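First, one chain by itself in structure tokens, the form predicted alone.
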């Protein structure tokens, strides 16, 4: 089983030709409400890939909370371990421009529930997990505790270090794979080029995959910087692309693909997702990714 622990939010998404300047009001071209949150997005992506997925998260006792639980149920995510807590659900206000780029304001809401104390009491959810997916939209002490418990159970831990934050050593040393983008990598390691940053981070334990959007991904091998080219598509909405990558990468690993093939599979899934609107609603099935790869082929530079 792939266990996802993390945030679940309502995404309020406004589409416009460009982002407004400070104090400016512009006309939007579209508006949608989606299920979001990096944790829930990853759970949905795993489910759409046909993976056996469990999810642990929290929603508020509000209309958004009911909407989120139903949305996840409709995506075939097991909602047994979603907790309803007093107060509001997590909400993300998202702007998307004509190039598919986004800007986000996140209100954590019920996601603050996932503390170390709560995770300490939740050991049973880890017992059948072979992989555990984590992100940073919930309390850091809870993320650290989840990684520690996962390792104690022998599971592989995959961390998306977003939103960008400095990570404590007790988290990094319990991670098997970490997938920063350029901004997040700079937050983790301030000095040096990409290769030296990767090597410094890997000296603490995890394998590093740098997500570079339209450029593809970078990783280190035998003291050399390796690059996998991205698949070229017309981006409509990049919201959730990183979540799609992490989930698809983990599904590929769990299906026995090697590291490079798993990265290529994840890039293909992300390419499909950014060509559609929304986060979870844009994620492809495994069949769609397999067909995409057959048409496009894969390549490494």
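On a predicted model such as this, the values are computed, not experimentally measured, just so you know. Residue numbers count along the first chain shown, from 1.
The following text describes the form predicted together with a small molecule, which does not appear among the structures shown.
**Q** Should residue 189 be classed as touching the small molecule in the model of the complex when contacts are defined as heavy atoms within 4.5 Å?
**A** Residue 189: no, not in contact with the small molecule in the model of the complex.
**Q** Is residue 38 near the small molecule? Define near as a heavy atom within 4.5 Å, in the model of the complex.
**A** Yes.
**Q** Quick one: does residue 217 come within 4.5 Å of the small molecule in the model of the complex, counting heavy atoms only?
**A** Although the small molecule is absent here, residue 217 would stay clear of it in the model of the complex, with no heavy atoms inside 4.5 Å.
**Q** Whether residue 104 contacts the small molecule in the model of the complex should be assessed with a 4.5 Å heavy atom distance threshold; does it?
**A** Yes, residue 104 lies within 4.5 Å of the small molecule in the model of the complex.
**Q** Which residue, 94, 125, 172, 228, has a heavy atom that falls within 4.5 Å of the small molecule in the model of the complex?
**A** Exactly one residue meets the criterion: 94.
**Q** Quick one: find which of 220 to 228, 141 to 149, 126 to 134, 86 to 94 has residues within 4.5 Å of the small molecule in the model of the complex by heavy atom distance.
**A** Of the stretches listed, the one contacting the partner is 86 to 94.
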